[in-house]
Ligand code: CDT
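In structure tokens, the next block holds one chain alone, the form predicted on its own.
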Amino acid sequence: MSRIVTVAAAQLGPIARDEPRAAVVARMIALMREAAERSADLVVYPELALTTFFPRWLLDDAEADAFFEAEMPGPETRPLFDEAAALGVGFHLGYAELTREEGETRRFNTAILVDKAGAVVGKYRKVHLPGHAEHEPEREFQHLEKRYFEVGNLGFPVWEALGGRVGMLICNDRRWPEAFRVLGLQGVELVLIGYNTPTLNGLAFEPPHRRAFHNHLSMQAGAYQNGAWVVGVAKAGREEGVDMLGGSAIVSPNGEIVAQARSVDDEVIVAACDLDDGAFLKSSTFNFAAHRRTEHYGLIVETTGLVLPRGKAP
């Protein structure tokens, strides 16, 4: 038996600070149409896909809020939803979310999953915010996600969609194995990840090849250790003076990269993902019910002196 979902990773090249939303959405629609021509069921866009990566600057509130979406879809993003419904293609979209909850204005780094009819079926808010909250003049460029976003408050949900179990992570979440594991414990079969990762650190030197290696390593490990497909989609190219990593990839449940972007521009890569490909790993090597014995963590505490949060296991 097989359950094929043909997935398109829609990498975006650089977006200028003054590039209008309408222009970006037009680029995204062009990628969606190409993906549909290649029989895609789902198109995955990057993190913060609608704008340049604005956390690289210190901005006042009004300047920063111009990069946020107060509704989804809104007037400028509605054409993307309409096109998806017309083509019969689902999509994943990362964006900066401005919302009101419990009488307070909240800002999150958010991703949504949209079905083939153009309806939002899932929302995730980034938990592992990297960078810093205050201006650090010693940096070559800023990474102020902690200034502009709150930590996500929706947990790590999994949705029944596209004939399988779908989860979402955003950028830095991919580096934390527990993020993948929470999805894996819910039987996730397809994990969608958008990212905006610079080629250089901005504070301390790391060779670009090592940063590219770690990008793929984290997604390949997350795929293999949880028996799930992983789709990682980048913002790429030289954006407002900062080189973005690119390297968008589709990873099989065995940890193998089956498709990878070769450019640093707008580019579509496609793979037919059989959601049953992870079944063997889920029933054998990574059969959590059979092998993940949480009572053994008590022995780890006794023998190492490790202090765990109350009621929690690693």
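As the structure is a computational prediction, the values presented were derived from the model and not from experiment. When you see a residue number, it is the position in the sequence shown, counting from 1.
Here the subject shifts to the form predicted together with the ligand, a form of this protein not shown in this document.
Exercise. Hey, of 231-239, 80-88, 172-180, 95-103, which bit sits against the ligand in the model of the complex at 4.5 Å between non-hydrogen atoms?
Worked result: Partner-contacting stretch among the options: 172-180.
For this session: Look up in the model of the complex whether F67 has a non-hydrogen atom within 4.5 angstroms of the ligand, and give yes or no.
Result: No - in the model of the complex, heavy atoms of F67 and the ligand never come within 4.5 Å of each other.
Problem set entry | 4.5 Å heavy atom contact, N196 and the ligand in the model of the complex | N196: yes, in contact with the ligand in the model of the complex.
Exercise. For P130, is any heavy atom within 4.5 Å of the ligand in the model of the complex, or not?
Worked result: Yes, P130 lies within 4.5 Å of the ligand in the model of the complex.
For this session: Using the partner position in the model of the complex, report whether R125 sits within 4.5 Å of the ligand, counting heavy atoms only.
Result: Although the ligand is absent here, R125 would stay clear of it in the model of the complex, with no heavy atoms inside 4.5 Å.
Exercise. Counting only heavy atoms, which residues in 138-162 are within 4.5 Å of the ligand in the model of the complex?
Worked result: Going through 138-162 in order - heavy atoms within 4.5 Å of the ligand in the model of the complex - the hits are H143, E145.
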